[in-house]
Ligand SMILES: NC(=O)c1ccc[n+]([C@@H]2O[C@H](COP(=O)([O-])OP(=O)(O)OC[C@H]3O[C@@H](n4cnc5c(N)ncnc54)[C@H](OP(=O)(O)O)[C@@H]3O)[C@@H](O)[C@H]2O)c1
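Below sits a lone chain in structure tokens, taken as the form predicted alone.
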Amino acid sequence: MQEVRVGIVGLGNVGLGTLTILAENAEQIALKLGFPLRVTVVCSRTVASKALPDSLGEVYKTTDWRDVVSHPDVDIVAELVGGTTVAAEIIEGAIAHRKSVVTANKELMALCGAEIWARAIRAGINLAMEASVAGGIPIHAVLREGISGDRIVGLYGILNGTTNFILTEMEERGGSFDAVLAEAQRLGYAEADPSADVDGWDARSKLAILAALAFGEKITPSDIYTEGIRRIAAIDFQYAHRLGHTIRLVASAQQTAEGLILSVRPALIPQTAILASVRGAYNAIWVKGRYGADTFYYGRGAGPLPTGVAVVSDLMRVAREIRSGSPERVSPFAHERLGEYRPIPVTRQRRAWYLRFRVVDRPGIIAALAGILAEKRISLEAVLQLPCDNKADLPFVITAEPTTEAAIREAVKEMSRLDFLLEPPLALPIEPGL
């Protein structure tokens, strides 16, 4: 049967990983498809310096993505450059030339993926984006087809390998955030500017996509409450362990009677929870269904080859659709159309809370803090203080019984004015049900 031809734009880690798989696994791919999948065009600003696998055969090289989307020997365009500017132009150009698109672009798909899909449908081509979330974990396929018969009521994920590496290294070795971040940068887990990872923005984009798939809502990433991990210290893990918990950056989507509540934030989770065992640069997603109950998905969240597997799998799925000519496509968002999401504030949630303080020690500190909690109708559960000789910088923890986040925020704001505090209190929710 006639081959399906692929043009790849972007030869960074993911692009080169994708090419490696297409070259080395070509025979198996052809056996599974019943026809070859062949790379005909590649594009990169530095394409002349890139070493392509010899087994790819003759490939047209260009520095202009327009050559790819308009090339007569390209059936599918793989957009692997990332970002929201040039990448959007590439995808729009591919759709205009009636080329199907495979993308690994989480940020662009989170911002306007539903609109891009609508344009793709009108053009009669396909759009696939499995690699946009969780690297080698096929979570899109799971939500889109594997458990599509269920009704999802909750989704919890560790969606950023960089932050998970940092947190688990701090937990195991007791290192500071800055020291472990520097190591993550040296090892290639973190970028020179790590903001997208450590401030939670990367996980926010991924959660927006997963929530659309799971709940059929069109999510604007900026509507998701997002908090990063910069304030987490090694001492927080010591206190968390005393409470039988650990700390992870948790992406959470929960269906409540009022609506969908979304957040990305560091939280205390029980050490017995399955997410607590996710360490290093791995990702995991725990899905709660009304009928199918709990399912769990775990694997590499990034890397050239795991992400390349997701890209190649998408290329294969789209190639089958091209060859079969099926007019009925499964939306990459799992729903024929997405509803308009109305954000439910996280401040309405009730949680137990972990409050960590750094103070200049003196009499009356606990009384002052407990008084503020009492004013906000927050019940104090326990006070924990590990041995510390430095009375000029004394850390300790108060845990509060379940209350609204709005009440905790008010209490923290008032506490921050107290002159014995060296910094504002760190407030972390203690996630129930994990």
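The first residue of the shown sequence is 1; numbering continues from there. These numbers were taken from a predicted model, which means no experiment stands behind them.
There is another form of this protein, the form predicted together with the named molecule, and it is not shown here; the text below is about that form.
Every member of the trio 11, 86 and 106 reaches the named molecule in the predicted complex with some non-hydrogen atom inside 4.5 Å. Taking the partner from elsewhere, residue 44 is found to have a heavy atom lying within 4.5 Å of the named molecule in the predicted complex. For residue 155, no non-hydrogen atom is located within 4.5 Å of the named molecule in the predicted complex, even though that partner is not displayed.
The named molecule is not drawn, but in the predicted complex it has no heavy atom within 4.5 Å of residue 210. The closest heavy atom approach of residue 131 to the named molecule in the predicted complex falls within 4.5 Å.
In terms of contact with the named molecule in the predicted complex, the residue from 81, 95, 275, 180 that brings a heavy atom within 4.5 Å is 81.
When the named molecule is considered in the predicted complex, only one residue from 174, 343, 146, 303 comes within 4.5 Å through any heavy atom, namely 303.
Partner proximity in the predicted complex, defined as non-hydrogen atoms within 4.5 angstroms of the named molecule, places exactly one of 36-44, 376-384, 361-369, 53-61 at the interface: 36-44.
Contacts to the named molecule in the predicted complex (heavy atom within 4.5 Å) from stretch 235-267: none.
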